[in-house]
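As a starting point, one isolated chain is supplied in structure tokens, in the form predicted alone.
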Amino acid sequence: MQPLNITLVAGPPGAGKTTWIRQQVHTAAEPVIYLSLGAGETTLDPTYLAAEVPELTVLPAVQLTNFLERPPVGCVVYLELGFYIDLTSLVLPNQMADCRRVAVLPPGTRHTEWHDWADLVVTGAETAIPLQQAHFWRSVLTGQVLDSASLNTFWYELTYGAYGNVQRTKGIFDIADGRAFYFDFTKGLSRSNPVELNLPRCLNGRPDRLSGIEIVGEALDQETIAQTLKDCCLEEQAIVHYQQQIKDLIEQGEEVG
């Protein structure tokens, strides 16, 4: 059997693992397959990459075993590891024994478990997360439609410390006009605007595509975060109303969004 060209990518949150993988996709001569381990139900990175990098094949983590048993010929595989995975206890399938290990680390990082684990260390983005003290919170929002003004207020408050010391957060949110947006924040980096995902508008009830949020930080007020997010979500009647407005505008040939 031809050996698989698999690269495992690890590193702290916000260092740029997903960004580095995306760069490799653009320069690869072979088809590229991507999987994310440890994301659970909030598969934000796979959803973002699937929407924004059409030449990339994104596989759910649950398909890893079947994929390794019958891998396609002539492809490159990038497998991103969540920062919360313990590298010292990570047990890999036999088919991945010869995989390459890449750690994406902030500038100046020295003598970490990632250095001991990696075959190659790549300098990523600056991030100041003390992992030994960080807490991780996530929430699945699939099916929820958020009021955009309320969402923007929540995001501003979240990233400016209203709910705790947030070091890294990202989310995918469906809003009332049917579009989905990717929000991304890392403390210490320049703030970026939300990215509209290359997905069709959802204008027929609640969306069934993934949405959710992940937060890494210290002293997080999780109860208030959850309640504020809930307050951003629209009721059924409001969703129908807004979607009908957008449909009418589109039917009239007017620019929307």
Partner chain sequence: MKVAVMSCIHGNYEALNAVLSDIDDQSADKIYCLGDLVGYGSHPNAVVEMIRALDIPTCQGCWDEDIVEGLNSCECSYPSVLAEKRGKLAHEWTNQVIHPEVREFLAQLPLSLRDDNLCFVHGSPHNQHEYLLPEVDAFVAMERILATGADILFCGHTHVPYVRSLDAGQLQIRVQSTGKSEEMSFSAPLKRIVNAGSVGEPRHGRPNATYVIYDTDADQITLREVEYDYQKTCDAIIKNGLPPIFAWRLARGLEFAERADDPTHVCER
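Numbering follows the first chain given and starts at 1. Given the structure is predicted, the values throughout are model-derived calculations rather than measurements.
A second form of this protein, the form predicted in complex with the partner chain, is not displayed here; the remarks below concern that form.
- Although the partner is absent here, L234 sits close enough that one of its heavy atoms falls within 4.5 Å of the partner chain in the predicted bound form.
- Residue contact with the partner chain in the predicted bound form: Y160 places a heavy atom within 4.5 Å of it.
- At a distance threshold of 4.5 angstroms between non-hydrogen atoms, Y84 is out of contact with the partner chain in the predicted bound form.
- In the predicted bound form, the partner chain sits within 4.5 Å of a heavy atom of A149.
- Put simply, of K230, R206, R191, H26 only one has a heavy atom within 4.5 Å of the partner chain in the predicted bound form, and it is K230.
- T153 is the sole member of S139, T153, T123, N165 with a non-hydrogen atom lying within 4.5 angstroms of the partner chain in the predicted bound form.
- Note on the interface: of 209-217, 222-230, 29-37, 62-70, the segment with non-hydrogen atoms within 4.5 angstroms of the partner chain in the predicted bound form is 222-230.
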